[in-house]
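Single chain ahead, by itself, as structure tokens, in the form predicted on its own.
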Amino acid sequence: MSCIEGKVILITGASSGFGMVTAKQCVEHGAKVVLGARREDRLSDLCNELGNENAIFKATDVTNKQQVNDLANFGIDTFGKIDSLVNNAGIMPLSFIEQGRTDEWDSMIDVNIKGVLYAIDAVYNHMIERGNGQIINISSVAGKRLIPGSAVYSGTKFAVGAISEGLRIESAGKLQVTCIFPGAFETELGTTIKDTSMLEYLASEAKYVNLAQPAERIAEAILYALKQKPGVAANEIVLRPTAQDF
């Protein structure tokens, strides 16, 4: 029997990338999943693939607090509980500060920071009242160090690390808290970069080319964190391709 069998796991950003692959692996190990993302058609297809008895979804914009609360309540109403949250939703429109792409900065703050906080808030009291729970936040190696053009994105991902540590301290003895810092893996994050000067810079830097490894490697790290027994948590996991030197 898998040690996550029977768990109910809420995953944000579940329509692609880490979230989608994690949902598949969780169901393979006998868990139930509650999936949220903005692209309803993709969520519907994924739930049909996983089986409607194993997976449910609700179209969710994590910048909308009520929609995040509705997603959590939908999971609790359907499956009776939420054991774990995988706080995965995020965007990465890298740009140089001189470009002044303030709308993108606002979006990153709303999704990468507020969205993480809204999801934590949506499940926190439920988990505390039950006496246990698990929150896994997805940061980035950009939350450990910067590259040119990552100042605002890195700022949001440093914040995810700080929020995770604060949550760990405040919920000590009650919740299992993990922050995962992925390097270059295959997701759709790169498609959110619209600054042409940033795209040209990335294309010109050989060290940024052909680095990405499959998203499954991060899903496996998430599964590792989910499998930790009560009383212990993998607080931080940093995972990079071996070819990544930054």
Ligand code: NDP
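Note that residue numbering begins at 1 and tracks the sequence as displayed. Computed from a prediction, not measured in an experiment: that's the story for all the values here.
In what follows, reference is made to the form predicted together with the ligand, a form of this protein that is not presented.
Taking non-hydrogen atoms only, Leu189 approaches the ligand to within 4.5 angstroms in the predicted bound form. Proximity of Ile138 to the ligand in the predicted bound form falls within the 4.5 Å heavy atom cutoff. Not displayed here, the ligand is kept clear of Gln228 by more than 4.5 Å at the level of heavy atoms in the predicted bound form. With a 4.5 Å cutoff on heavy atoms, Ile120 does not count as touching the ligand in the predicted bound form; it lies far away. Within 4.5 Å of the ligand in the predicted bound form, a heavy atom is found for every one of Gly13, Arg38 and Ala184. Of the residues given (Met127, Ile91, Leu167, Ala72), Ile91 alone sits with a heavy atom within 4.5 Å of the ligand in the predicted bound form. The contact residue chosen from Asp61, Glu216, Asp45, Glu28 relative to the ligand in the predicted bound form is Asp61, the criterion being a non-hydrogen atom within 4.5 angstroms.
Stretch-level contact check against the ligand in the predicted bound form with heavy atoms at 4.5 Å: of 94-102, 171-179, 74-82, 153-161, the positive one is 153-161.
Although the ligand is not shown here, in the predicted bound form the stretch 225-246 places no heavy atom of any residue within 4.5 Å of it.
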